[in-house]
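Only one chain is included here, represented as structure tokens and corresponding to the form predicted on its own.
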Amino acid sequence: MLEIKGIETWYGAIQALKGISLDVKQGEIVALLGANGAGKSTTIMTVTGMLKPAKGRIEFLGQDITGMEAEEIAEIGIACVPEGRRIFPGLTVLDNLMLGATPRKRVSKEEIQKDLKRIFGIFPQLEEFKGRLGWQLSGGQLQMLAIGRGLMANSKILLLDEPSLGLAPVVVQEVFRVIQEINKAGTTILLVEQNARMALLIANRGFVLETGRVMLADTAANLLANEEMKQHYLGAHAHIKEARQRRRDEKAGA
């Protein structure tokens, strides 16, 4: 469904992606793993057209989408739930969901209502709070809203960027349950996650990025059993290291 071939992406003079290649087959959950700065979010932004690659090729359902504008990419069936959710806090839950349907052309009101009913079936709290403003929601509810907004695009593939970020463990469990439910209903998923263990428990396959390169690629089961993965990404010390790095990043940005 999605194939990335030798992509190189730069931020000014800094090369963020150094010839990465990966693929996502229809119906899969594919995990894209790695520490902060590995290139995970840059990969998502390049696929969705927010960043333009200097080299390489991106194909979606056999069509070359390299360098296409973000709006065009959304229209052909690629939806993204970005890191940090990025919902509109001054709009209601319902308005945020309706904005998710913007890329769809010539869609009837009946279809929109049918999709809203499906979203509310997956996320009953969103229906209960559909009149609330975005800023009135909890972190978990915001993540559900962001995923629901992505699903309203009725896309063929959903790109999820760090859906567990900043959420309590019990909420993370619920988010990952919903991701599985969405996948079983027919949506292919590319999942960017720092919580490698959780991601691999629901994924079919995984790719591990390190400093802009794919260092490991295998089935999720094999990656969970891989000694290098256990040492660097699956152990408790790895999560402590990531948390410390995230705090350093936050201080640097403050």
Partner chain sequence: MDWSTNLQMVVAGLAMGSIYALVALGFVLIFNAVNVVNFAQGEFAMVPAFVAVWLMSYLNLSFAMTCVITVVFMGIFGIVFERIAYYPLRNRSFLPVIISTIGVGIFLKNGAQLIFGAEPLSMPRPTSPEALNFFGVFVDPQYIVIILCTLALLGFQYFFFEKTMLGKKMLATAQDKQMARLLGIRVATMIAVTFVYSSILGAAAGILVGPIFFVTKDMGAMIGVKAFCSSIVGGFGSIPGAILGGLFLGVIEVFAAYYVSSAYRDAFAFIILILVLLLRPQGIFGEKIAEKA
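Residue numbers count along the first chain shown, from 1. Not measured: the values here are computed from a predicted model.
Here the subject shifts to the form predicted in complex with the partner chain, a form of this protein not shown in this document.
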So which stretch, 137-145, 174-182, 119-127, 101-109, is the one near the partner chain in the predicted bound form (non-hydrogen atoms, 4.5 Å)? 101-109
Is residue 48 close enough to the partner chain in the predicted bound form to count, meaning some heavy atom within 4.5 Å? yes
With the partner left out of view, is residue 82 within 4.5 angstroms of the partner chain in the predicted bound form by any non-hydrogen atom? yes
Tell me, yes or no, whether residue 86 is in contact with the partner chain in the predicted bound form, where a contact means a heavy atom of each within 4.5 Å. yes
Is there a heavy atom of residue 157 lying 4.5 Å or less from a heavy atom of the partner chain in the predicted bound form? no
In the predicted bound form, the one of 228, 69, 59, 218 near the partner chain [non-hydrogen atom within 4.5 angstroms]: 69
